[in-house]
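Take a look at this one chain, the form predicted on its own, written out in structure tokens.
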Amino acid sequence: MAQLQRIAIALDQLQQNQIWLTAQQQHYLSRVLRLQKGDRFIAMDGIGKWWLAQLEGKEAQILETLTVETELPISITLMVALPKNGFDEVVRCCTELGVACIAPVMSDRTLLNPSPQKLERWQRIASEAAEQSERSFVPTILEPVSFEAGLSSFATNHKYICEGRGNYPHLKKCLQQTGQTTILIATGPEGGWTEKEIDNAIQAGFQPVSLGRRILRAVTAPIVALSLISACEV
């Protein structure tokens, strides 16, 4: 089964036991992947369901429902201050590592002012990364908001903000707590969080944590944080 190609579909493409393929999906399956009528592939809806399907021209026949267990046992939300460059790779890598939701925020030192087209691009990258890494779910990419607005947007008791300077406990030690089902982890922009932002995060219930002794780039820190969490929860 692992060698079969995967594509993400929308729920409105399903009709009984058939999948009505979009023109883009038809092109991808037949011209890019070189699949022919009768060839099989895996369709995923991005919210937990997989099907084994057989190509039949402009549509595909569902052969069976597949059971896939590739998700982490906890739900991880990444609140990430938008870097000037490299956010595409953050979305791609963190999707592979199991993030459930990515919440971009604009901090005091954020330089990027993303357009609506950027959000569409990030969601497409997340979908492609979910297909590649055989995930059951495609992460949700939220619209960017201010850091202050993001602090009060999520209800969970396990909220961490990564800070490169200061005498804070390592994230790995904090993750040894039991009973965590949801985690919110925040990583900063180029130049790091301001003191005021750290103070506001603490007041909002965030625990400042360290990712190690070295100062990481804004695009490296989210990947390291997600790697630590996924490694502890596998």
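Since we're looking at a predicted model, the values are computed, not measured. Numbering starts at 1 and follows the sequence shown.
A second form of this protein, the form predicted in complex with S-adenosylmethionine (SAM), is not displayed here; the remarks below concern that form.
Asks: Quick one: which of 139 to 147, 155 to 163, 70 to 78, 113 to 121 gets within 4.5 Å of S-adenosylmethionine (SAM) in the model of the complex, going by heavy atoms?
Replies: Of the options, only 155 to 163 has residues within 4.5 Å of the partner.
Asks: May I ask you to state whether Leu216 is within 4.5 Å of S-adenosylmethionine (SAM) in the model of the complex, using heavy atom distances?
Replies: Because a heavy atom of Leu216 falls inside 4.5 Å of S-adenosylmethionine (SAM) in the model of the complex, the answer is yes.
Asks: Counting only non-hydrogen atoms and a 4.5 angstroms cut-off, does Gln25 reach S-adenosylmethionine (SAM) in the model of the complex?
Replies: The answer is no: Gln25 has no heavy atom within 4.5 Å of S-adenosylmethionine (SAM).
Asks: With a 4.5 Å heavy atom cut-off, would you call Gly46 a contact of S-adenosylmethionine (SAM) in the model of the complex?
Replies: Gly46: no contact with S-adenosylmethionine (SAM) in the model of the complex.
Asks: Considering only heavy atoms, tell me if Ile19 and S-adenosylmethionine (SAM) come within 4.5 Å of each other in the model of the complex.
Replies: No, Ile19 is distant from the partner.
Asks: Going by S-adenosylmethionine (SAM) in the model of the complex, which residues of 187 to 218 come within 4.5 Å of it through any heavy atom?
Replies: If the 4.5 Å heavy-atom criterion is applied to S-adenosylmethionine (SAM) in the model of the complex, 187 to 218 yields Thr187, Gly188, Pro189, Glu190, Gly191, Gly192, Trp193, Val209, Ser210, Leu211, Gly212, Arg214, Ile215, Leu216, Arg217, Ala218.
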